[in-house]
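Take a look at this one chain, the form predicted on its own, written out in structure tokens.
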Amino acid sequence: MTPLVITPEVAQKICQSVGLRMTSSNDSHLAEWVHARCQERHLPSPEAYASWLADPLHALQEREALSKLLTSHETYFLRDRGALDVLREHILKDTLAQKKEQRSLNIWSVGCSTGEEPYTLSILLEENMSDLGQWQVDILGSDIDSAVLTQARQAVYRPWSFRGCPPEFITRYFHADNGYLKLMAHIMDRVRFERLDIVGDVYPTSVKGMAHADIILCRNVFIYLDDAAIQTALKKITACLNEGGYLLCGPGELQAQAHPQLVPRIFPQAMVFQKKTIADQPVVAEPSHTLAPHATPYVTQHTAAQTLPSTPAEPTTTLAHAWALANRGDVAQASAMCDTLIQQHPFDPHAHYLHAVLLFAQGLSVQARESLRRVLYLDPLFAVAYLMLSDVCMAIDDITCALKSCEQGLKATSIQAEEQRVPYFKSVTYLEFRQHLQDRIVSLAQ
């Protein structure tokens, strides 16, 4: 049987009509789907389907189906421990301080899929708010796919949704249910779900409770959208944030995008954006000893006791100061201090790692990639550099490089004890780190 094909030009036109980014891995799936759609719509060819999609009303009708086809709903509980540490130790603490008079907290998980992320947020509040019962809490999960939202509302999960989760986490918050695991009712009660097309739908809207969010998580959603769609969605999402509110995205997702109302904050494990206030004053207090880089588990507090034996001692005071400046969003001063640090200590991988993170934060991905390669040349056991290199390569659509860095990271960390903590991570073991790399490899290979 002759395989179904569509030309790259037609495929690109179809994806562009609904605001999705076309990748080579989607070719076969898209071709088969489009040919079936042509039969259903009584259209003679993929070219005719692409022309039919040029009508905005038709594109809006097809966005859910095409999004479901061309995006991944891969998620699990406690995903990206580093980002969760940022939420727990910085964003949540600061937000609770801001809202202590109102005692109301609104959190939104965009692209929530089957619900693991918003339910994780509910558990995070359970564990970190001693007076939770005195607060009015609303956790919203949204997705364009109605089917996954139906699953999310049921809160029943297979073991695969708990990979990397400690057994006590499962025991505390779930109970057995016909071979599956069901979430405890009191955790579910804080979460609600709404269908939303973040590109095509009209919002902010108080009807769905999206108008006054304190914290928005939109992780690994923008990677599927083209630049025009990202800008459309980003403007609407930013409008939903309260002043001083936080937007947490995946690594590098907004590097090439304009976001004039958002100020970047380089936290220990993630790049976070904070909405400007009227006074345009930073809300985040300077950490006392945080040395913080970029995304998904990149870094947490780094101390001499955590340093690998092969890694030279870092000039702690200067490096800590540079990271504190980065935490406050003062990237220019942090970069200047980092440059001086590298001149004084040209063979220190920690200084070059800081340099790479600052470059990446400024959208200079190619330069960040070279800096990370320098880090790994100086110290091949610098585990988090492999993960960040993968993120940087993904940001410039170099999937081969991203895959290779994960594979090299697995090999480099194989000699470390599973229970040992990963330097620059606060609570991640090498076992969990390698699982994260393996998950990334599977995702990239698809």
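Sequential numbering from 1, following the sequence displayed. The shown structure was predicted, so the numbers you read here are calculated from the model rather than taken from an experiment.
As for the form predicted in complex with a small molecule, it is not shown, yet the points below apply to it.
- Considering the small molecule in the predicted bound form, the lone stretch of 165-173, 152-160, 367-375, 190-198 in range is 190-198 [heavy atom distance within 4.5 Å].
- The small molecule is not drawn, but in the predicted bound form it has a heavy atom within 4.5 Å of residue 111.
- Although the partner is absent from this view, residue 224 contacts the small molecule in the predicted bound form, with a non-hydrogen atom inside 4.5 angstroms.
- By the criterion of a heavy atom within 4.5 Å, residue 257 is excluded from the residues contacting the small molecule in the predicted bound form.
- The closest non-hydrogen atom of residue 274 lies beyond 4.5 Å of the small molecule in the predicted bound form.
- This chain is drawn without the small molecule; in the predicted bound form, the residue among 81, 219, 265, 350 with a heavy atom within 4.5 Å of it is 219.
- Out of the listed residues 182, 212, 73, 88, 73 is the one that sits within 4.5 Å of the small molecule in the predicted bound form by at least one heavy atom.
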